[in-house]
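Next up is one chain by itself, shown in structure tokens, the form predicted on its own.
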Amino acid sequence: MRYLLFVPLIIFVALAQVATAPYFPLLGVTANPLLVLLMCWAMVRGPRETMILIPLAGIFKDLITSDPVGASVLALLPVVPLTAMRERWPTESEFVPTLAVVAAASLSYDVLYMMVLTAVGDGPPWLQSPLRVLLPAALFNALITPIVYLPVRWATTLSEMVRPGIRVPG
């Protein structure tokens, strides 16, 4: 049931990213709100749910762009292992680890995406990319994380209040 609302949200965010993000660059790069949404979802809800949503989000994004189909799915794969940092982070807040994980996911996403583009012959300039693309994109995605994280956290808290989890004794 939770996917009934989240899949249309993924579709909306992917469409918004493709249609509007290029018009709002910061530091010479555009945001990746789809990646930020998936990371926030993974950090709040756990990696199990995100493993189902990553292929849907990646394939849909690739179908509405001229990018190779499957490139986004490959680039989004590190999202799940990066959420394992959530269990190892020594803070009580999930927000600070989410910022760090979004920045790391952004770096890995862009590197993997550049590798796929290089493999198909559309490779970017690798020597200029770290300072001109990778680091500014990671910073920009970390900056927009609060805009996405807070609604995901609130929606999760509300859904837990309305329908508390069934606990099995033992």
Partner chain sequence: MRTLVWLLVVGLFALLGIVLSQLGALDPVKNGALTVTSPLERGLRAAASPAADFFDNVAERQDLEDENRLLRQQIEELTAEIASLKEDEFTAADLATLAEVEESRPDDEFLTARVIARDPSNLKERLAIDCGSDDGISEGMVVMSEGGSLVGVTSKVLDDFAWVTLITDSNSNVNAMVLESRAQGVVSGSLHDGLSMDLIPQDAEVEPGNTVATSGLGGTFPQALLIGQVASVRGEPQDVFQKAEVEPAASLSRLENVLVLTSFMATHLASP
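Keep in mind that what you see is a predicted model, and the values were worked out from it rather than measured. Numbering follows the first chain given and starts at 1.
One more form of this protein, predicted together with its partner chain, exists but is not displayed; see below.
Non-hydrogen atom within 4.5 angstroms of its partner chain in the predicted complex for each of Phe60, Val69 and Val133: Yes, all three are in contact.
Contact flag, Thr20 vs its partner chain in the predicted complex, heavy atom cut 4.5 Å: Output for Thr20 is yes: heavy atoms within 4.5 Å of its partner chain.
Heavy atom of Phe12 within 4.5 Å of its partner chain in the predicted complex: Phe12: yes, in contact with its partner chain in the predicted complex.
Contact of Ile54 with its partner chain in the predicted complex (heavy atom, 4.5 Å): Looking in the predicted complex, residue contacts with its partner chain include Ile54, since a heavy atom lies within 4.5 Å.
Its partner chain contact at Leu150 in the predicted complex, heavy atom, 4.5 Å: No, Leu150 is distant from the partner.
Any residue of 64 to 82 that, in the predicted complex, places a heavy atom within 4.5 Å of its partner chain: Residues within 4.5 Å: Ile64, Thr65, Ser66, Asp67, Pro68, Val69, Gly70, Ala71, Val73, Leu74, Leu77, Val80, Pro81.
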